[in-house]
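Below you'll find only one chain, the form predicted on its own, shown as structure tokens.
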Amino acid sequence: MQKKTSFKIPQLKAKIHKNYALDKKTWLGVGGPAQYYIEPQDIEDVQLIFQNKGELPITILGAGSNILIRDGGIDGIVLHLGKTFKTYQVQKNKITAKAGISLIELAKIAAENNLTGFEFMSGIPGSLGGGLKMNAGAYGSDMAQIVTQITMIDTEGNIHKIDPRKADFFSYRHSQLPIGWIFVEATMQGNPKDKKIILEMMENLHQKRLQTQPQKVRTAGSTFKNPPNMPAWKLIDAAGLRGYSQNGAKMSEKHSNFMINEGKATASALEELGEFVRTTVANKTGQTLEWEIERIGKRK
């Protein structure tokens, strides 16, 4: 695709950034620049961007926790729901929040309001929008169990509201979000419970994560989805790849399904390690691992 040299949208409140560095926007700390980068100020901005994008593709960037941006960067528009999309409202047993809010923050909000059902979010380092897209979950719970309404914007800027429970919208680590659409808001329902009990549950989950997952390193969380019959980490262990490293990219010794940037790995090195793991696991166990980390952008 031939790159445009300028791009403007009338009445847009947000600033349009050109050749914007994306490596610091992801947990893995890698990736080339965005041709255009925009943080819309409100839903009307989102609609304007879609209505005026022309032939430019739009890529949605959430909290950057479950994504690998390739070294060549991303053509078109990268749209990120920033601080103006972190607002929320609590009404009885329901929380309605914009899609930019973090899942960890939502878990805290639910606890403060004596609502259970959100505890699994307390250790997932992603945004609500990203959590909806991949039906984020942990410890036997996921988004499908609590979301009662979703607001989306389509590729033409039109707003759609659905009840995902009636639309069979979620499956394991997946949602039926149409290609090119974006989540902007969701309503989630919890159940009343004493705040002290909720905080104890969250602390128990926190301790489990400390014991089983790498901390204070550059990682995107689970690298591969769990096959139906066995956790991905067991397959990686069976292939002898716990702690395996190459070119600055490593499979964690603490949790072998977590891929780590040891400091200077490129996106290519990380992706190559992931593909090496997939090939080795397939050869040694007969099982094919599917990426859970979303890989986007161009190879350099």
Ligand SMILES: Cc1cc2nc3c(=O)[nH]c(=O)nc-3n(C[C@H](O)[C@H](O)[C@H](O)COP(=O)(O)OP(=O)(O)OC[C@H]3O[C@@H](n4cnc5c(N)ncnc54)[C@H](O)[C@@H]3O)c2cc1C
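Heads up: residue numbers just count along the shown sequence, starting at 1. Keep in mind that what you see is a predicted model, and the values were worked out from it rather than measured.
Just so you know, the form predicted together with the named molecule exists too; it's not on screen, but the next bit is about it.
- When contacts are defined as a non-hydrogen atom within 4.5 Å, all of M134, G137 and I182 contact the named molecule in the predicted bound form.
- Note on contacts: among G123, P164, G73, G190, the single residue with a heavy atom within 4.5 Å of the named molecule in the predicted bound form is G123.
- Residue in contact with the named molecule in the predicted bound form (any heavy atom within 4.5 Å), chosen from L241, L61, L273, I49: L61.
- The named molecule in the predicted bound form comes within 4.5 Å of no heavy atom belonging to Q149.
- In the predicted bound form, the named molecule lies farther than 4.5 Å from every heavy atom of I38.
- Taking the partner from elsewhere, R209 is found to have a heavy atom lying within 4.5 Å of the named molecule in the predicted bound form.
- Put simply, N261 is far from the named molecule in the predicted bound form: not one heavy atom of it is within 4.5 Å.
- The stretch among 248-256, 65-73, 261-269, 231-239 whose residues place heavy atoms within 4.5 Å of the named molecule in the predicted bound form is 65-73.
- Using a 4.5 Å cut-off on any heavy atom, the residues of 77-102 that reach the named molecule in the predicted bound form are, in sequence order, L81, A99.
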